[in-house]
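As structure tokens, one chain now follows by itself in the form predicted on its own.
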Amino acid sequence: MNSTSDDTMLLTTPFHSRVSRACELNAWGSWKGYTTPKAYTDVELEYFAIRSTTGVFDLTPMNKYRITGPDAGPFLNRLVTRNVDKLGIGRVGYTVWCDDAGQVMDDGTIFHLGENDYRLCAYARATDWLFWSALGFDVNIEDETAAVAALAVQGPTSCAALTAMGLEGLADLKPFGLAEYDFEGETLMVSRTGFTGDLGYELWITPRLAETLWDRLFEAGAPYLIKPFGSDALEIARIEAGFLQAGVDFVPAEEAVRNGRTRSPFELGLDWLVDLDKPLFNGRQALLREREQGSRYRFVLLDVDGNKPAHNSFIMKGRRKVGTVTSAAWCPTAKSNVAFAQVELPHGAVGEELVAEIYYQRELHWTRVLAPCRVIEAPVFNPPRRRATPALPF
């Protein structure tokens, strides 16, 4: 068992020479110790690259763990809530994992790369938890975060741009599928995955070829108006698509300081990821009790009146606070003011009318708005091109 990603902080990714050259705003943030751009030139233009052409995001800081050995599958089945036995080779599955109290530690994706060979991608560093959970299993866990460079290539012309780069047959790759290509004598793995809710792919390559991959991609994608985008544009896109963000929409159980601040998969609307027919996994007994006794909270999507995002707002029912907003954005493509909120049960049924207490500042003046909002059933952005196979030509 090897670990590398915690050794050094203030890291740069293998794409940094290209990223820093493109980052005209010099707007930088930190993602798990890596220096990453919040925006390159203009957040709105970067967002519309995702929705109208092709946007590219440096995904390298995502924590990546290679899990191999005779017990790799049983170990993952013990770790996560979904049934890994149903995930075929060459497929990717979204999942969550819980502590013994049934509280979500993180969400992520499992890549089934081959027999007894998996990659787990996670927002939070999970090294210690993985090692503890591996006791009794014949399994090897390697932190390969620094050993794999990754790009997210997202948007309606993403397939066309990648095909122009030489990735023939990519249009036939199904959502959550994997394909491999030769790239300068090394394997370029491509997954039809992403965090934007649009047609898109993620590219996985050895770090020594990262700059070459970036250059080839942007050369081939130029006719398709390819553009890099930062975390600010990604935030709008993922809210529009209804995707949760660990550390924002829920507190990972291992990081929580105060009791009652964590959430179960049921309380995050992720019950579809919980397979209680599996005989044993972390948190199963607690989740069985919760299913019988009921949950404390409900995760809801809200359509908020007006155009002021309800960041960090209270959610009111009459004069009583019944919830809090975790994420909010004005979503340009959907033309909707969207908020994610955790509300106390029994509130939050689809169609229920609530009120968001919004505060915003303009020119040193704070304004309070009580904005009516309504619980909606599904994300406001879910285009057919996201799932179409073969990928539609644009």
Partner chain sequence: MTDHDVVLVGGGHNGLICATYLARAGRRVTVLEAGESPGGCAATREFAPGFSVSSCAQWLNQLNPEIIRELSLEKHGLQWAARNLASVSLDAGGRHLVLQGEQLEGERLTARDRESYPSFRRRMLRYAKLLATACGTRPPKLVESNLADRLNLVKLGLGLKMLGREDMGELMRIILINMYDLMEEHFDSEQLKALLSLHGVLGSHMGPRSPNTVFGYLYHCMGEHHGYLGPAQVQGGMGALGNALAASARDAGVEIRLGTRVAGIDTRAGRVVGVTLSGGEQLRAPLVVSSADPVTTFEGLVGYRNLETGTVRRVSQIRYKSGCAKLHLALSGAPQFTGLDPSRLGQRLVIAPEMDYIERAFNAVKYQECSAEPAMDISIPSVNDPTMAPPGQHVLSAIVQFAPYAPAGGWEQHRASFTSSLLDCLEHYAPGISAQVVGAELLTPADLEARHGMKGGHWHHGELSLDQVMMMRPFPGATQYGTPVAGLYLCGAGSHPGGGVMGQAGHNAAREIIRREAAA
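Residue numbers count along the first chain shown, from 1. These numbers come from a predicted model, not from an experiment.
Although not depicted, the form predicted together with its partner chain is the subject of the following passage.
Contact with its partner chain in the predicted complex, defined as any heavy atom within 4.5 Å, is confined among 180 to 188, 225 to 233, 159 to 167, 122 to 130 to 122 to 130. Interface membership of Thr193, defined by any non-hydrogen atom within 4.5 Å of its partner chain in the predicted complex, is ruled out.
When contacts are judged by a 4.5 Å heavy atom cut-off, Gly197 does not count as touching its partner chain in the predicted complex. Using a 4.5 Å cutoff between non-hydrogen atoms, Pro74 counts as a contact of its partner chain in the predicted complex. In the predicted complex, its partner chain lies within 4.5 Å of some heavy atom of Phe281. For the marked spot (Arg66, Gly114 and Thr206), a heavy atom within 4.5 Å of its partner chain in the predicted complex is absent from each of the three residues. For the residues Gly318, Gly88, Gly136, Gly294, the 4.5 Å heavy atom test against its partner chain in the predicted complex is passed only by Gly136.
Interface residue among Asn83, Asn140, Thr324, Gln285, judged by heavy atoms within 4.5 Å of its partner chain in the predicted complex: Gln285.
Within 4.5 angstroms of its partner chain in the predicted complex, the stretch 31 to 56 places no non-hydrogen atom at all.
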